[in-house]
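Just the one chain here, the form predicted alone, laid out as structure tokens.
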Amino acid sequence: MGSSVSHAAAPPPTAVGLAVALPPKQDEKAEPKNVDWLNLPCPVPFEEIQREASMSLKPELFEGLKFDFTKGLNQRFSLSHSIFMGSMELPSQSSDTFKVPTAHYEFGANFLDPKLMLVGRVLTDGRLNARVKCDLTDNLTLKINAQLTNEPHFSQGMFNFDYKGTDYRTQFQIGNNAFYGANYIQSISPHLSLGTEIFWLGHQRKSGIGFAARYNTDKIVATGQVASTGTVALSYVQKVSEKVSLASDFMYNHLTQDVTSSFGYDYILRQCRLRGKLDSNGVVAAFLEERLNMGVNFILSAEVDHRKKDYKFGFGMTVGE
């Protein structure tokens, strides 16, 4: 009976040696992904071309005490109160830093709607700040920024018209002192976008033109900008993981012959976010946001300039979302 068992039912021979450890052989030539050149992604706005690097290298540093409280009255309307006590630097011809103590209270009102945003701030020193963002259509947005002060010739106003296309963005600007500007940015490939900007400042009879490039993937963001005013700006951001990213930038001004480079980091933990930078001038800065509870954040800010012997430390708290 044992000899009548069919050999077709027997299991196949088990592989031994390297055949078990090696992965199955794949095609040597992977098929390239087909790119739909008529359906490229929409690039970021021209003024936000370096937003990833700015998050790490340009945190909102401050010196002194700051307290912010926001109270929502309903889903769209909220009020805010801010108190700041610290020091203010005075302009000086020498390399020394002169500071005077200052303090102010700020009252704000916010109206947030899917197609309309109104933000207003009034300070005890007489300044008034206002921002308006209105979606005129699905692709056209109007932005208004204004700052009014008691000092003559220091009030400012700006109107922006932003148009968002399928694979491009354009913006037209009108401001006080006969300022006119326009920019345009276009996606060239799924990862590369190129842009240009022009401006005319009639009050000072000055004009300029600039060009920009941005390359971004899931892990890196590299940007470059050059302008006829003599400035060159480069930035690079490397996303190490979901919580850690490193950034660097390079700034060159041909007119003043100033060269500055900086390196920074952005570390996001479960309850806090830590950002910091070190630049070629010897300035070290760090900014910590600690979430104590729902809607309650504790802030620490520090900036040390060893060359100028200028030390800035601040702490604050924000309550409300």
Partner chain sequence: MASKVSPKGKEKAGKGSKASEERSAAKCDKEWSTWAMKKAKVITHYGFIPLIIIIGMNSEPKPQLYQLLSPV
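These numbers come from a predicted model, not from an experiment. Residue numbers count along the first chain shown, from 1.
Omitted from view is the form predicted in complex with the partner chain, to which the following refers.
Proximity of Phe69 to the partner chain in the predicted bound form: non-hydrogen atoms within 4.5 Å are present.
Phe111 belongs to the set of residues with a heavy atom inside 4.5 Å of the partner chain in the predicted bound form.
The shortest heavy atom separation between Lys99 and the partner chain in the predicted bound form exceeds 4.5 Å. The partner chain is not drawn, but in the predicted bound form it has a heavy atom within 4.5 Å of Gly120. Listed residues His191, Lys164, Lys239, Arg131 were compared with the partner chain in the predicted bound form; Arg131 is the one with a heavy atom within 4.5 Å. Interface residue among Thr137, Asn177, Ser155, Thr217 relative to the partner chain in the predicted bound form, by the heavy atom within 4.5 Å criterion: Ser155. Heavy atoms within 4.5 Å of the partner chain in the predicted bound form are found in exactly one of 72 to 80, 217 to 225, 203 to 211, 244 to 252, that being 72 to 80. In the predicted bound form, no residue of 172 to 201 lies within 4.5 Å of the partner chain by any heavy atom.
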